[in-house]
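This document contains two forms of one protein chain, each encoded as structure tokens and listed individually as structure 1 and structure 2.
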Structure 1
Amino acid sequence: MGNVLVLAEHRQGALRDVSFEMLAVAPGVAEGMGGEVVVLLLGSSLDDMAKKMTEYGHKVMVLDDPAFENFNGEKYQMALSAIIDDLKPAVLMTGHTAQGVDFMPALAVEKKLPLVSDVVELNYEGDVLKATRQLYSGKVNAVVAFKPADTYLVTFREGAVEAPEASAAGEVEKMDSPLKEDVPYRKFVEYIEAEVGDVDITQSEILVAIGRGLKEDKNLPEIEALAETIKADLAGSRAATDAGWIPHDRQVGTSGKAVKPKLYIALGISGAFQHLAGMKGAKTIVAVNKDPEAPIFTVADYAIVDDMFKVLPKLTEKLKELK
């Protein structure tokens, strides 16, 4: 049986989006391998999260142990090593997150298993598991084949796909904790939430985002005028925050924040994969860039290929008329 084991990630009692996004990919792989999808939850007091995961129609295995109340990469590695021996999954998927990249490489070395990290697509074709990774800031997709192994390890990029809709009720199965000893050399101290600035862009319904194409801060008033017209909040790429044009808490991307507004207007942003991962959840994406090959256009619903400073005045004027 080629079961795909998906490790659901959670933080402060809430499931992370990547937990559901992996469930958009895992069923196709499991079907090709002749197995099923099994969701694994590690933690403490997991009843509500387990119930939520069963809404997607898969078996949910719950390892409820106070030792896993807070994330500890060493404990996760020890537990998963024993679980691989016990369940023998064909594939183990985790998110390509601070948690996933903490323990998965060490687990791969310990178990001598192949690992492909930061995967955006996963397929089983002709008895070969193939993973797609992005290179050169998302300009090139590389399809790599795993060497034959009993279990394949994958870390899946956040925001690479949309989470599926809840479909059917699955079942919950409790499992005993394989952790028999503490990890004295690594302990959880405290969880510190990053401070939220004057605007929390993760909650914004409309975002106007700027990138390197702004060129200099004296051009910012034109962007602000557009944002004010449609009651949008300002955000931007890493280039914009590094330049000091907008605060760092307004950065969108893997090293910033993941946003899901109803409307996302990207101005002068080429669309490195780190930025795309943070904004692909937007319902409608409008991109303005003078480079017709800019990666941002691969996800845009509406694309304007032109100098943003030619487009901005006309766009702002038209929106004022519509308002």
Structure 2
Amino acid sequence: MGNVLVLAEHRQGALRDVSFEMLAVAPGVAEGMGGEVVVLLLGSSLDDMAKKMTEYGHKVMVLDDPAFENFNGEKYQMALSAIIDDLKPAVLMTGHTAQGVDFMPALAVEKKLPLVSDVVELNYEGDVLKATRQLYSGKVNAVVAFKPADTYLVTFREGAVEAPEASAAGEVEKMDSPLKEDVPYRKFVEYIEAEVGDVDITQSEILVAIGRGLKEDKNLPEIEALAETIKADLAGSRAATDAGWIPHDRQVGTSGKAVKPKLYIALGISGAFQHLAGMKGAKTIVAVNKDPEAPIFTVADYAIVDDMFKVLPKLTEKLKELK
């Protein structure tokens, strides 16, 4: 029938941004396929979230079952498998998130359906569904075409598009839960909140952020000298926290913190999308990177293409002078 089923993602009682963002993409695809957008919500105590999701003019199907209180990849796979059989959607879209990547590949294998992951653009052209995704640190784009199949599976990157404005009201339809009681599901134990450290970088006015370009921790004092001069806090990419150069709670990006300082100085950071997602809200962005093609430059206001260690000493010295 050509319907595009969008799985709305939520966590700890709140809808995730990607749920809305997918609604910017799904209608065009559904129209091309001669179907409609249908939003799907799996969870427990969903009334408020269901109401919120109806504000975009699409039907919202709700599967409300206490067994879905916390995310569980296995239960999601089982429920979606049954829902695909039942609703026969042309497309099932979820976020390319810690939730989506935990069950969509298994669902694809189980149902023998094609999956394209981490999609940033989705189009239906001349009877073919085509997905655009990135490779090689974002330096190459790939267009992947689906061969004809009953249902196309897509995981869509969070932050790739902007969410649409709320429009007309849609209706809510309740579904029965297809879960079987007797299956030994993966067991949810608890959530552990992210560590809080001595400095809350989400509140910092100025951040000096380092990446793998630092190379070794013996180069840290040069960075600290700059930070001290301009009263900045230190932050960094995942590569910098994984290497132990800075504490984990200083990591900027999707799996770290979203920061919005008035000045963000990125040193030796390539600008992977997971990093950009956490810092593009900074007011002014300075990037120093020796690779002129580094994606970090797409969000920078001031850019220096050079070896940071040739630039840093003079930069710190000059800033000291100007104080």
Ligand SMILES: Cc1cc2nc3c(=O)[nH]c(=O)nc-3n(C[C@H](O)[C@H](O)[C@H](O)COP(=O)(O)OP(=O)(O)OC[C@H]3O[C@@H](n4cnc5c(N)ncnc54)[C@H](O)[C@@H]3O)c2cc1C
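The term rigid core refers to the most C-alpha atoms you can superpose between the two forms while keeping them within 1.5 Å. Bear in mind that the values here come from a model prediction, so they are computed numbers and not experimental data. Residue numbering: structure 1 sequence, from 1.
- Between the two isolated copies of the chain, the second is the form predicted together with the named molecule.
- Once you line up the core between structure 1 and structure 2, the Cα of residue 67 stays within less than 2 Å of where it was.
- Relative to the superposed core, residue 216 undergoes a C-alpha shift of no less than 2 Å between structure 1 and structure 2.
- Once you line up the core between structure 1 and structure 2, the Cα of residue 14 stays within less than 2 Å of where it was.
- If you overlay the core, the Cα of residue 310 moves by 12.2 Å between structure 1 and structure 2.
- CA movement of residue 255 between structure 1 and structure 2 equals 3.7 Å, with the two forms superposed on the rigid core.
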